[in-house]
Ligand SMILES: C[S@@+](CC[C@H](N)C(=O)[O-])C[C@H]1O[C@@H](n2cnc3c(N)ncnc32)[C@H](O)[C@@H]1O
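Here you get one chain, nothing else, as structure tokens; it is the form predicted on its own.
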């Protein structure tokens, strides 16, 4: 585990990393890997269904990839709150979405500026692996979720493709069984595992994608 000073330096590194060229390239890499198109297969009726959810959080929103589908699938009166550690990623998300239904803020996943039980649905895509310890971030997500609220968590898995991604994006990987135990200890029930497609399920590709529920 990193010391407090090392954690601060690491967060600063990640912020600068995504403020710069790697962050700008996420729009291109998302198209190349298919994640832009595949995101829509997750956030939809029958998938992670946000119909009926009125306050939705996009945690570590990046360039707005998941925000776009959240806006498309949610009720017309639903409000979306998005945050990221990188100010430049927020600028990219604003330019992409151009919606009055979305608010943006610079924030750290381990210290969220939101009240308890503020949201009934949360998406946290490819953020947790940037934390030296996942527990502070998971506890914060559980805290801001209403009881019974749902969370779509996407994270890099400790597979061959996951290791390659971790080197590119300077992040860690997670063991699926161990992450499930950590989520449970943080008050998040492992509701169901999801996959981008049948091919991803068969070949164990695409990382860990799971719908979690805040414990009642």
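Numbering follows the first chain given and starts at 1. Given the structure is predicted, the values throughout are model-derived calculations rather than measurements.
Keep in mind the form predicted in complex with this ligand is missing from the figure; the text below concerns it.
Of the stretches 86-94, 114-122, 140-148, 71-79, only 86-94 has residues with a heavy atom within 4.5 Å of this ligand in the predicted complex. Contact between residue 62 and this ligand in the predicted complex is found at the 4.5 Å heavy atom cutoff. For the chain shown alone, residue 127 is a contact residue for this ligand in the predicted complex, at least one non-hydrogen atom being within 4.5 angstroms.
Residue 131 belongs to the set of residues with a heavy atom inside 4.5 Å of this ligand in the predicted complex.
Proximity of residue 194 to this ligand in the predicted complex falls outside the 4.5 Å heavy atom cutoff. Every residue in the set 10, 66 and 108 has a non-hydrogen atom no more than 4.5 Å from this ligand in the predicted complex.
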